[in-house]
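The form predicted alone is given below as one chain in structure tokens.
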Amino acid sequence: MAVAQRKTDIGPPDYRQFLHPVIKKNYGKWKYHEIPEPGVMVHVAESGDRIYTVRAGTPRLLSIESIRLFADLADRYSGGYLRWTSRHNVEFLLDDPKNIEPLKKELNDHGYPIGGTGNSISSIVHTQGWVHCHSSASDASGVVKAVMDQLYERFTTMDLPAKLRVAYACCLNMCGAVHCSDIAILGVHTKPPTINHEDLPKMCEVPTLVSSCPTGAIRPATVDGKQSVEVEDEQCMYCGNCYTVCPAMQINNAESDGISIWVGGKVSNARTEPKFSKLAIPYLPNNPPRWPEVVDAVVNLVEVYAKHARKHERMGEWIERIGWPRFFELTGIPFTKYHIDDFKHAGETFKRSTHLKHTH
């Protein structure tokens, strides 16, 4: 006897039910795609069918009014079909090219820029920052807003040598993919956590707290007759992992927390294999609400890259071609002791010859 299956809400729904009919019909049978203008793409199937995409930037933290606006625009111009990209852009999927210009006009009228495709800067993928994250060393939305205000034209045009991906993470846990972006903005703690010995025994399990430290900097201790912990400052790398399991280990510090800048990462396999980001600027101060030092540093990196890189070169590929000494010279970034990798197993990344590349 067959047993009737009941519908449940366990697990994600089948993604195919949300696909545009043209995409569903031609799934896996696409011939090529083109980017006729910034923010507009067309995918052509082997059958000859075409699907058009209009991409607009969003603030990521969306109000209900914004979501309703996008839904209304999708109903009017794209049959109700839209999607969000991993970098927080909103994309409308159209099968009628006549709707492209009216949709673009309405988006622009409401303050949402069209772009982020091809050789441009797409929206900055970022973490929660002060609005939500318990271990953030800096804000996310504020920094990203300040940076993109200065790089707005790089989003709406496609005149860079190649695509340029910028990411932000508010601490070393790097929820924002800063390990693999062309330019990465990373919040950093620079002092060991402050221990609240009074509250620690009430809210934390000492064995769990001790084992949470990846460098073994936290050790059991008795303070004022109570069970607590101590931190070996020389071993602490300010990761904040202890604060995650024990709120009495306060890692946030308004005076010493700051921001570092990393460059050269990517996930693409085109031309060269994927690359990790590498340190460019070890520390910049938190200076809200506009973070001028961080904005100036990122804009400088973008402009120097745009001027000197060859066509199709990503940031890391350009740096490898000209060499790191020339990179520091062109960008005006001072080389410091913090650029020297002193972590365990770092020998695998050390340069083993006396040859240095200088390109002038």
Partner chain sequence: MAEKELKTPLLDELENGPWPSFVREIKKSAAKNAMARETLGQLERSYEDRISHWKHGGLVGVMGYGGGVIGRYSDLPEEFPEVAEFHTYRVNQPSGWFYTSEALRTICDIWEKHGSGLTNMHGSTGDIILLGSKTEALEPCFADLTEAGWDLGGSGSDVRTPSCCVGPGRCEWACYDTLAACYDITQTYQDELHRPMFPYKYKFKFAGCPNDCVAAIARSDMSIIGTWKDSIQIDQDEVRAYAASGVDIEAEVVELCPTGCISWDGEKLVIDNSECVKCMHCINVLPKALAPGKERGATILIGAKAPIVGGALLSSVFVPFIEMEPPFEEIKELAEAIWDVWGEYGKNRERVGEFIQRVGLGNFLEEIGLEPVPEMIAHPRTNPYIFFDEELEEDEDE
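Here the structure is a predicted model, which is why all the values come from computation and not from measurement. Residue numbers count along the first chain shown, from 1.
The protein also exists as the form predicted in complex with the partner chain; that form is not presented, and the subsequent description refers to it.
In the predicted bound form, the partner chain lies farther than 4.5 Å from every heavy atom of Phe328.
In the predicted bound form, no heavy atom of Val304 sits within 4.5 Å of the partner chain.
In the predicted bound form, the partner chain sits beyond 4.5 Å of every heavy atom of Asp342. Taking the partner from elsewhere, His88 is found to have a heavy atom lying within 4.5 Å of the partner chain in the predicted bound form. Partner proximity in the predicted bound form, defined as non-hydrogen atoms within 4.5 angstroms of the partner chain, places exactly one of 234-242, 95-103, 190-198, 216-224 at the interface: 234-242. In the predicted bound form, the residues of 280-299 lying within 4.5 Å of the partner chain by at least one heavy atom are, in order, Asn286, Asn287, Pro288, Pro289, Arg290, Trp291.
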